[in-house]
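Before any questions on how it binds or moves, here is one chain, the form predicted on its own, in structure tokens.
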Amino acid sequence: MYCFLRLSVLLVGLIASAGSYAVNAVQPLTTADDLGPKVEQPIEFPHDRHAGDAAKGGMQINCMYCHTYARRSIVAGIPPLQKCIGCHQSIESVRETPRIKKLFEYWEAKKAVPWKKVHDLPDFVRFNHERHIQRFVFAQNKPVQEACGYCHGDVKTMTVARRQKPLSMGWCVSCHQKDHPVDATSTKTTHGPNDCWQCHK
């Protein structure tokens, strides 16, 4: 009887754990439209307006103007609210639009905008933005939007960003196996590292 009771408690615990895991499970990599899951943001940030082509009403702002840390850090970073306000306090023409009003509500409340991650990798994966930006933008002289777009898709055509690429281990490895020029002037090529410890903690 005691053994049966212990087994019952164990089974109930396993079922509860499985149910809890299912509720908190990671979003699927693909969706019906073959893009990553739609992430609802506190403000629908219009990437197309900020980074988009001038012919389509965009301001062609360099990705690294807002994602400042990409060139010198593991993470690309989200711009502090102060950077947004620095521009928008001088642009009266959009001051009364719902997005900008909400932006100023956060500013006046002295609260950061609680942006949600779109390109979220598991904790055991270490991706270094700096190494990729230094190699592809600064050494190879590729346009910033092209280099960033390889992993993030054509963000300048989006409002709220959505994951466009699988960002799976196989996808990353396939890129590391390609021949990439060492720099813009060289015909020499190299591959990305294939040691597990380069990308995994």
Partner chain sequence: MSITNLLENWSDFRQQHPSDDRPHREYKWAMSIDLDSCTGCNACSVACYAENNLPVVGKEKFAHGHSHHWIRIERYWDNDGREFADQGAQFLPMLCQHCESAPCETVCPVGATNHTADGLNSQVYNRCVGSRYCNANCPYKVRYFNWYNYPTIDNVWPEPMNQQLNPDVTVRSKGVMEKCTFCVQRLTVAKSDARTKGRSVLDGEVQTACQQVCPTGAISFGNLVDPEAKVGKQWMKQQVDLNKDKQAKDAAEEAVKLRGYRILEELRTYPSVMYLEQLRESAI
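No experiment lies behind these values; they were computed from the predicted model shown. Positions refer to the first chain, counted from 1.
Not pictured, yet referred to below: the form predicted in complex with its partner chain.
Q: Which of these residues, His88, Arg131, His119, Arg99, gets a heavy atom within 4.5 Å of its partner chain in the predicted bound form?
A: The residue from His88, Arg131, His119, Arg99 that makes the contact is Arg131.
Q: So which stretch, 90-98, 120-128, 103-111, 77-85, is the one near its partner chain in the predicted bound form (non-hydrogen atoms, 4.5 Å)?
A: Single hit among the candidates: 120-128.
Q: Non-hydrogen atoms within 4.5 angstroms of its partner chain in the predicted bound form: do Val173, Gln177 and Trp197 all have one?
A: Contact check passed for all of Val173, Gln177 and Trp197.
Q: Does its partner chain get within 4.5 angstroms of any non-hydrogen atom of Ala55 in the predicted bound form?
A: So Ala55 does not count as contacting its partner chain.
Q: Could you tell me if Met59 has a non-hydrogen atom within 4.5 Å of its partner chain in the predicted bound form?
A: Answer no; every heavy atom of Met59 is more than 4.5 Å from its partner chain in the predicted bound form.
Q: Going through 93-112 from first to last, which residues have a non-hydrogen atom within 4.5 Å of its partner chain in the predicted bound form?
A: Nothing in this stretch is in contact.
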